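Shown next are two forms of a single protein chain, provided one at a time as structure tokens under the names structure 1 and structure 2.
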Structure 1
């Protein structure tokens, strides 16, 4: 048996419109997710490994408010965002004064605590069976948008409305963050990243700025969580494993530090690779093929680090912190 037939991609699947709509929807969701990491790591110098936890808090709060409490989806979204920002402040207040590596440990522990609570609080979250019934209002909107896409031949693509809304939201958020980058507030964040002691010497409250960065990143994680929940149509704790935070870091490294546009391109590249490798025809088990998908992304990152360590759109000076 030769390996040649098994090493080919299923071009029929890879070239289909369904594939690209699904892959780009996920790319948009995780680009929003990674914008928060970019704000923390690329601009504030805060190593946040808890972004998947914020994503879970936002998604589950929205789902519970709609499915169990009976609130409108449009009212539940801002409430869930505020709850997630409050969670960011709650985790940041006692732990942001820790050394960077200890803060990273705290945030990943926080993320796992949230996931285990979601897994075991079955009466509230549905546990491993999942939480359903929160997307009926979105389905009405989606159907209306889908009908409007009939002239361009997309009336059969049920994910197309979510793709459009996700990417419009992503572009608005990335543009807003790019604008904030050039404001005095954004410049203080950069200064905190470079030399926190100098910022304090100039009379700025570096701790408060770091808290603000975490709160905004938490809100971005929550927004990504809403779109992920609508994409999956149910909520399950396995959708919020720490693995997804590390995929966000892969996107961050690939796109480049301090580049919001790089986050978008990095997410497109990573999720094109992850989704395309689903169709690799290899003499391997399903679990082995699933692992191979991440091996492919890892190899791409290794090559990037070797030949362009600053990322696709990053700058070398962004990789060097002040002494």
Structure 2
């Protein structure tokens, strides 16, 4: 059923470089975003429904530091990352001790508060008008990279440099997480996911590991937020609706829980489909096409969870969903 829209597609879209650069940039951004969810849900058993909120904190902190405070972008990035991690700790400290479903509700409420602040603290965030003017230093870099792409014939692709940097970052982060997963540290995380009490009985501070997990996920959300900000060139509260967290969950389940590289595949599939629907030739309004996309996202989520909970690449033995 997910494949049905393809039939009606004008194949020109798939032949166009613009389409692929746009779709793959988004796929890369939301793959980084979902790596954080994977670390939390797939490897620690912490149900984080607030990833869009962390993305917003990172992106807005960076934007405000550059556009309003006048810091260099390169200085703003690490500061914004630390701020976002601190927010992760702040929300985790009181609520990670609660039951998993409560934590899910707390994090989504937190993420909505962040979006409310972005919408309503107009002096700081520009509200719904958006926040602009934080990307001039990036554009210099981007232009230099673009010039360097002349030999491969990509010098006309304005967004190609962002695509490249996003995917390089994604691959580095996924590899690093994959490495961490195999270390004794990753082993404790997986044990926490399965049974916190068993872990505590063996002398490990399960709570500290959950905090670390949420702080790292927050940082990953922030990094995704920077790339999203550079991709859009302005920040708007609507980019951080809980909807995006839930698309992250669709990516997560599709790629399979407990697999970092599955996240990348899941994100490529989801964003290829989501972006491709823009080119659908159906007798529908734009709003209807948008609605249809999310009906399909919802159905895919339901069907996958019900019938293939380990996702496409997950291992059944390590299946986290059925516990």
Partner chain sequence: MEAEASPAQPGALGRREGRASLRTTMSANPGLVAAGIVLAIAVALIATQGLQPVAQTGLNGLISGSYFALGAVGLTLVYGTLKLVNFAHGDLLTFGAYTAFVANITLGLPILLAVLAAIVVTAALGVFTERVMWRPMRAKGAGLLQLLLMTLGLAFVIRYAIQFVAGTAPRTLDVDVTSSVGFLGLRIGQTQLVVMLAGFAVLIGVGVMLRSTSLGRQMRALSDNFDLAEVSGIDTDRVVMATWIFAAGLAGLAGVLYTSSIGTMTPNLGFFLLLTLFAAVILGGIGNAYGALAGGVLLGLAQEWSTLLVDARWKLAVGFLVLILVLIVRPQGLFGRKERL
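Just so you know, these numbers come straight off a predicted model, no measurement behind them. Numbering follows the first chain given and starts at 1. For clarity, a rigid core is taken as the largest C-alpha set superposing within 1.5 Å between two forms.
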Report summary line: Form predicted on its own: structure 1
Query raised in the report: residue 268: with the rigid core matched between structures 1 and 2, does its Cα shift 2 Å or more?
Result: no
Query raised in the report: With both forms fit on the core, has residue 290 moved 2 Å or more by CA between structures 1 and 2?
Result: no
Query raised in the report: Do you see a C-alpha shift of 2 Å or more at residue 304 between structures 1 and 2, with the core held fixed?
Result: yes
